[in-house]
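Here we start with a single chain on its own, the form predicted on its own, put down as structure tokens.
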């Protein structure tokens, strides 16, 4: 996640209890089901009547309608323009995805999240007004590749293309040493934000704290420097 994404999420209303999801493919079903299970009201739509019936039968949404989202009148009649947040989950049909996103933004929806299938698709979605664009397949593939090559890194939060916050298992080389002794800032240009202890994180840990086997540390810095860690 980068800073532009953070700016988008800061604008979301915390009291928003309703979401509309357009497209009931794998991604749309996953979003709808998760939101519904969390207790939110979800209106889902799809041009395929079978998918709509399945969503209702499986009770993964509050309401579901069959409609053509490339038709503004259909979206308006369904009440889509009244939602604060709409997820356009049509990733594999680029033309329909772009037209739908344009329709929703022109209908006055303040927060529109759209699924992209390529970089060109992402640029087009942003051009027609999408507030936030996601690449589910790319992000999952990227996360898997990082896990396979750097298994000690448990979580990564991208601040921008060059800097991240990472949660990692304390390297063997650091075990038993204090934060001062490992000289993380001098040797790697990184800063320690937190260290786990008894299942809980100690924020801004004391420099004299010793790093234990199996514990976890959170560091911030340049990706190039993070990659130099002995992990």
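Residue numbers count along the first chain shown, from 1. Predicted, not measured: the structure shown is a model, and the values here were computed from it.
Only in words, not in the display: the form predicted in complex with a small molecule, which the text now covers.
Of the candidate stretches 63 to 71, 187 to 195, 172 to 180, 32 to 40, only 63 to 71 has residues with heavy atoms within 4.5 Å of the small molecule in the model of the complex. At the 4.5 Å threshold, heavy atoms of residue 51 reach the small molecule in the model of the complex. When the small molecule is considered in the model of the complex, residue 168 lies well away from it, no heavy atom lying within 4.5 Å. Heavy atoms of residue 24 reach within 4.5 Å of the small molecule in the model of the complex, making it an interface residue. Contact between residue 147 and the small molecule in the model of the complex is not found at the 4.5 Å heavy atom cutoff.
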